[in-house]
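Just one chain is shown here, as structure tokens, and it is the form predicted alone.
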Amino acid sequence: MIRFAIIGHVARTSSDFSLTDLPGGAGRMDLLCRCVSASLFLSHGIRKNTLCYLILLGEPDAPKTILFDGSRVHHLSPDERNIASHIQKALRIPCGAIFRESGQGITVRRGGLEKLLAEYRFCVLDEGGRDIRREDTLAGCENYLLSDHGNFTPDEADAIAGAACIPLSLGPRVLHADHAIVLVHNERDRAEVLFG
């Protein structure tokens, strides 16, 4: 199973946002929706082996994590508005420390980065990391952590360092999070074909 976790530093943690103002009133939810789309969708299908975690840190009830499971989701389209409507639905239900289902393949819980780092070891996408195209770089790396349009905060950077996350680079330039996800999938797809 491949996991992508994206931190949404200002993403709303309640459902009181408009689907017509995802960049503003929803706290850059547009960017997180694009990350879900990049994580799960192929041209004519869904990547069944992929999970996408959205770590929401905005007002009023942070942190919350929403999980999209590619092996189980139904009625999900790749457009931002459809994905945002599923996020809204997830944020409407009461949740606790354990994931609670809001729709088929979509779950929500309380907790954020620290909880996820305690559960899985991540590779962090960072232009200063080891080149993803170097031989054996992808071996054993199935979990990827990204930030939204902002950098990791000092506390997040400390938690990442404390969890011994592996820094990986997709190249010398800073990319949008959703573009980085597409490139990771592409590198993994190519490696699977070339090396089995």
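Start at 1 with the first residue shown and count on from there. Keep in mind that this is a model prediction, so the values were computed, not measured.
The same protein has a further form, the form predicted together with a further copy of the same chain, not shown here; the description that follows concerns it.
*Asks:* Taking a further copy of the same chain in the predicted bound form as the reference, which of L57, L67, L170, A159 has a non-hydrogen atom within 4.5 Å?
*Replies:* Contact check passes for L170.
*Asks:* May I ask whether F41, D131 and V174 each come within 4.5 Å of a further copy of the same chain in the predicted bound form, counting any non-hydrogen atom?
*Replies:* All of them do, each having a heavy atom within 4.5 Å of the partner.
*Asks:* With the partner left out here, check for me: in the predicted bound form, does some heavy atom of G25 sit within 4.5 Å of a further copy of the same chain?
*Replies:* It does not: once a further copy of the same chain is placed as it appears in the predicted bound form, G25 has no heavy atom within 4.5 Å of it.
*Asks:* Residue-level question: is T50 within 4.5 Å of a further copy of the same chain in the predicted bound form, judged on heavy atoms?
*Replies:* No, no contact at 4.5 Å.
*Asks:* Considering only heavy atoms, tell me if E187 and a further copy of the same chain come within 4.5 Å of each other in the predicted bound form.
*Replies:* Because a heavy atom of E187 falls inside 4.5 Å of a further copy of the same chain in the predicted bound form, the answer is yes.
*Asks:* Is R81 near a further copy of the same chain? Define near as a heavy atom within 4.5 Å, in the predicted bound form.
*Replies:* So R81 counts as contacting a further copy of the same chain.
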